[in-house]
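Here we start with a single chain on its own, the form predicted on its own, put down as structure tokens.
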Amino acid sequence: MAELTPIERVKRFFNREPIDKMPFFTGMGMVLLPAIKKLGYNFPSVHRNAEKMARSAIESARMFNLDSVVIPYDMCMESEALGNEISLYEDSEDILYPTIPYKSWQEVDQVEITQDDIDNVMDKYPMNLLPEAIKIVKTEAPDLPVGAWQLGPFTQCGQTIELDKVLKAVFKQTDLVESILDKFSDMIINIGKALQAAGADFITLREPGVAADLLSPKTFKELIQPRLTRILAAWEPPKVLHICGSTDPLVEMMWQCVVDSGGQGVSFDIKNNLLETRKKLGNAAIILGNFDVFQLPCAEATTVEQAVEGIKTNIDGLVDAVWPGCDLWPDIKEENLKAIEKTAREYKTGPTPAVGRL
């Protein structure tokens, strides 16, 4: 049988159909510095230019044999569309992602999200760049699936107000926080639908601000879980739920979000115990994550051999695909990432718990 193309592999994977080999891909940021340099771009320029965003994503996937391209790269676009000024660090030669140096809303009772913001967010800059970038990828690299992502409502709220203010308000101004989260949820739903309409082949809902080391499992169940379920349910599959930080106490609730919304998988970062998660969720769950995105492919002290052993440990954790614990850090060691990809394909060729092999 001929080798599957990346888009065939990923689509079959999410459908739980047998595939040819272990997928090596991500649903989070994956722009890589060697690709940017090859294209002659500087790092700040890829974040607010649809063509550079698309081409740097394609080149990153091609250079390192990734099974996906993912757009966008930074977490400030929605906040900028809501009126916050950002810094792109355009004069810097370092890898500096866009940041929000000053947030217009200092307290939760200052938040004002209008129906126009919710309904027309994709018409506002820079959100209007994303469908254009996705369409370029679909035209230029039809063999590569396009992944898109959105921050969840709690984390998105923290992109417009300082997160510590939101965390305090959860207990002191609960009704107000719930109202704000509902408005953000409506906006996130519309953004996800627009990205899918533009051609995104799968989508990840990322809610890193609600890990168990930030919010209690009880608060997660009451405040966060219903909204994550509602957002995911509004999107077309395939769809993945990702939470950073400490998630061991949350995994059953995360999987319930996926099941109740018609989703496909859950994704974790390095703080999750994958083997325990597999025991809790069983073999029906598609489990993704959680290799260390800095230590294995980037850290100067990490040898190729150590990177290989790290990925073997990740696969031995009974994941269904080799998928990072967070955004890939751009300044990777090329030899390490190439060894990681090779190991992912060759280490174990049999089926994973949730996905078979041809």
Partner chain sequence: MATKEELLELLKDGVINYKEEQVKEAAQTAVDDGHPALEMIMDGLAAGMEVVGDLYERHEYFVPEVLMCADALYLGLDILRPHVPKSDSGAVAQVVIGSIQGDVHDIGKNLVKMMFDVAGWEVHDLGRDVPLENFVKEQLRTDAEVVAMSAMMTTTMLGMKKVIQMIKEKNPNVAIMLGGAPVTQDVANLFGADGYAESAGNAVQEGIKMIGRLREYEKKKAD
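Positions refer to the first chain, counted from 1. All values derive from a computational prediction rather than experimental measurement.
This next part talks about the form predicted together with its partner chain, which is not shown.
- With the partner left out here, its partner chain still marks one of 197-205, 92-100, 236-244, 251-259 in the predicted complex; by a 4.5 Å heavy atom cut-off that stretch is 92-100.
- Within 4.5 Å of some heavy atom of its partner chain in the predicted complex lies at least one heavy atom of W329.
- Using a 4.5 Å cutoff between non-hydrogen atoms, K168 counts as a contact of its partner chain in the predicted complex.
- Proximity of I118 to its partner chain in the predicted complex falls outside the 4.5 Å heavy atom cutoff.
- Contact between K172 and its partner chain in the predicted complex is found at the 4.5 Å heavy atom cutoff.
- Taken together, the three residues E309, E346 and G350 lack any non-hydrogen atom within 4.5 angstroms of its partner chain in the predicted complex.
- Taking I113, I189, L215, A81 one by one, only a single residue has any non-hydrogen atom within 4.5 Å of its partner chain in the predicted complex, and it is L215.
- Of the residues given (N65, T303, Q295, N49), Q295 alone sits with a heavy atom within 4.5 Å of its partner chain in the predicted complex.
- Residues from 150-165 that approach its partner chain in the predicted complex with a non-hydrogen atom closer than or equal to 4.5 Å are E162, L163, D164, in the order they occur in the chain.
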